[in-house]
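Quick heads-up: it's one chain on its own, the form predicted alone, in structure tokens.
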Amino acid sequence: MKRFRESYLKKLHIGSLTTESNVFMAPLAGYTGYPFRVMCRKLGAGLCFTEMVSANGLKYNDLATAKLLYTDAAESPKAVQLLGCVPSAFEYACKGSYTADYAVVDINMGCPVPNIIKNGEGCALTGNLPLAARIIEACKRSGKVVTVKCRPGMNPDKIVITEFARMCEDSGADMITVHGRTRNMMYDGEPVYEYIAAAKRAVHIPVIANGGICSEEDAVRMMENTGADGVMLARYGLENPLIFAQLTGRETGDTKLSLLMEQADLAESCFDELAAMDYIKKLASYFMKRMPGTKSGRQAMYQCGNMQGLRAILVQAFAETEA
């Protein structure tokens, strides 16, 4: 099998920014907060995006929304994903103090969730190219690097990826990420390589391939079949962040347990104990997927009420499976 790092790994030029690798971590609600992003960068990810942040929430100074943007000097480059459908709100969010530390703004034009679609946000914007163009232009006025994450269309009868990709480039986008599933597919089924390849053929800016990457073999196959400039991992990045080190050749010596302990330290440094425990429990649950013999550890973890006890449970659970 081809090795990704030998055949496809490279630095990527995105507008004025150059990333250390072309292997990225997708924005995932509830997970890609500051601790997780720092971990992925350590393991070789070139960019890690915040979970999606409401542009309107930032415009109206919603504190819960602002908390999603916690960061510090340990994270660089910083990339935020914004969600919405009002160009002026995007411009305000991009120029405002909340995103001042973020060099990259990604626009969510791919979320398939019904409530998002009803609001005319996310993937709904693939059906409104003039509005999508105005949003990109509004973000570009901030002077930041602007990227777009999208799907090829709402369903197989409404594939718009070629014209959509060209619109993104013409409006000033510096990169696009294409999830190879239509909106009606949600997160299931095989991604369609041709949709991503069509976007790559249509533009000169970098195109990142996303969807269904759960191994190095998947990543290599994605690159071979799409001609993309890089890959973006999503749910499998939660399940096994060590995939970033595998794809990029980063030598870390880490195990899932050592990563969890580091994540616990980071979470406690920037969240209160309840929020830190909630995050570590969710992350550990993903880490335990497909790992035999973790049922009792998972049950004990969810019953635990303090961070010290949680650490002890995780050490026991993972020491037994990773030995």
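Note that residue numbering follows the sequence shown and begins at 1. What you see is a predicted model, and the numbers here were worked out from it, not measured in a lab.
This next part talks about the form predicted in complex with a small molecule, which is not shown.
With the partner omitted from this view, the residue of G211, G230, P152, G84 that lies near the small molecule in the predicted bound form is G211 [heavy atom within 4.5 Å].
Checking P35, G44, G297, P27 against the small molecule in the predicted bound form, a heavy atom within 4.5 Å turns up for just one residue: P27. Contact annotation: E273 falls outside 4.5 Å of the small molecule in the predicted bound form, judged by heavy atom distances. In the predicted bound form, the small molecule sits within 4.5 Å of a heavy atom of E51. Shown alone here, Y31 lies within 4.5 Å of the small molecule in the predicted bound form, counting heavy atoms only. Under a 4.5 angstroms non-hydrogen atom cutoff, the small molecule in the predicted bound form lacks R221 among its neighbouring residues. With the small molecule left out of view, the stretch that reaches within 4.5 Å of it through heavy atoms in the predicted bound form is, among 70-78, 168-176, 89-97, 232-240, 232-240.
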